[in-house]
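Heads up, the chain below is alone and in the form predicted alone; it's given as structure tokens.
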Amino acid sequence: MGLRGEAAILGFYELPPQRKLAREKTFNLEQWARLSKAALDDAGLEATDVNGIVTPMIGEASMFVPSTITEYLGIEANFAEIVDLGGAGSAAAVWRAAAAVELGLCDAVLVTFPGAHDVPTHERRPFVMEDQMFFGASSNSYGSPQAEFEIPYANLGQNGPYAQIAKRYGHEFGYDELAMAKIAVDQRTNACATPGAVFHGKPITAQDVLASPMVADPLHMLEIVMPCQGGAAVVIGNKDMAAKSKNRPVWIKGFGERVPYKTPTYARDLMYSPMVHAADQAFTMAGITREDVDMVSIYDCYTITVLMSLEDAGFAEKGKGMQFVNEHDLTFRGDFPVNTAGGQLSFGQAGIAGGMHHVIDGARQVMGRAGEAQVADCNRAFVSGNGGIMSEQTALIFEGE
């Protein structure tokens, strides 16, 4: 069961993030086209090579999204998929594209995630803040469990629920705030070696992290992701496309996915995330062990997400993650490289494209194109995606030839 490792990432493109958009405002459809063109150019492929797409929701269509995109791009797709898994969406889109390639449905698939939400508006149709955005909840519709059992009790947004998980972790296993700060510090070191990262050239110390404002106890501001404007795309193709590409193919050897609930209210045990299943499946499918990977790129909306993922993916013993962080150098030059382009904490989170940052981080390293931040002799990477409040999770295993 699973992938044969016969589909590869052949090219990618990631816009340098901007905290406030300084580039031209463009619609999601325009972003889709421009990001895709850049990824194809990077791979050395033509638009006529593409016969599949995978996309998130876009602003210009609330339904028939894939066909709206193929129509705009002029692609006659054999496979057109929409993925709605939040921060896990990018990693989830990659394995779906790889499966379409391995099934022979497609020669090359574009996986493109626009990440600039500052789009053109008209004075007669200004931007309207929707109720969900006020509530900080994905659904306040009558009949939704979230509207009935979460919103009335003020269980809203992301900062509070992630802080609850961190608090619970501290109750169960103890809490070393210096170790948590070190996660942010090591990722900032990686961002300082990555031109284009939003915090490039701005190193921090653990004391800086702990002195930053407390947003939701125990999470400080520098432990929380920085929302930005950006966007990213990858091209996934078969062996024939790989032979045409100018880059080292990054074969997708394994994946895992687990979507057991929407809000952590319904988690059986907050201390074990769906990554336990996703990572086990990915490693089993790839036929390698944790010790075989040369770098990991872990979804990092919060430092607690990194810690929990390190444990639940099997890199650190449950409850010993903070000790693991203290005992390892997590920078690109260290013995356990994590989020070598800075992660979303220091590279920036370009909305729904934030998860694609980790896909490209892993692919860039295996292709050997990370410049100053390149991990020596990097041939295998583990990538994770995380959506909701640790509720939707996906894992990928990459391998170079």
Partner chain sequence: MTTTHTPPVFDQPLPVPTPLTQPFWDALAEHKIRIQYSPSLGEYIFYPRPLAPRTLADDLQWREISGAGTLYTYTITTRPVSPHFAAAGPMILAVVQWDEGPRFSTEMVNIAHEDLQIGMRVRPVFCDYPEAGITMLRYEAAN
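Numbering follows the first chain given and starts at 1. Quick caveat: nothing in here was measured; it's all calculated off a predicted structure.
The form predicted together with its partner chain exists for this protein as well; it is not shown, and the discussion that follows is about that form.
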Would its partner chain in the model of the complex be within 4.5 angstroms of a non-hydrogen atom of every residue among F134, I151 and A216? yes
My question is simply whether P126 lines the interface with its partner chain in the model of the complex - judged by any non-hydrogen atom within 4.5 Å. no
Would you classify P227 as touching its partner chain in the model of the complex, given a 4.5 Å non-hydrogen atom cut-off? no
In the model of the complex, does R168 come within 4.5 Å of its partner chain, counting heavy atoms only? yes
According to a 4.5 angstroms non-hydrogen atom cut-off, is L73 in contact with its partner chain in the model of the complex? no
Among the candidate stretches 81-89, 306-314, 268-276, 248-256, which one is within 4.5 Å of its partner chain in the model of the complex when only heavy atoms are counted? 268-276
Contact with its partner chain in the model of the complex, heavy atom within 4.5 Å, among T284, N155, Q323, T205 goes to N155
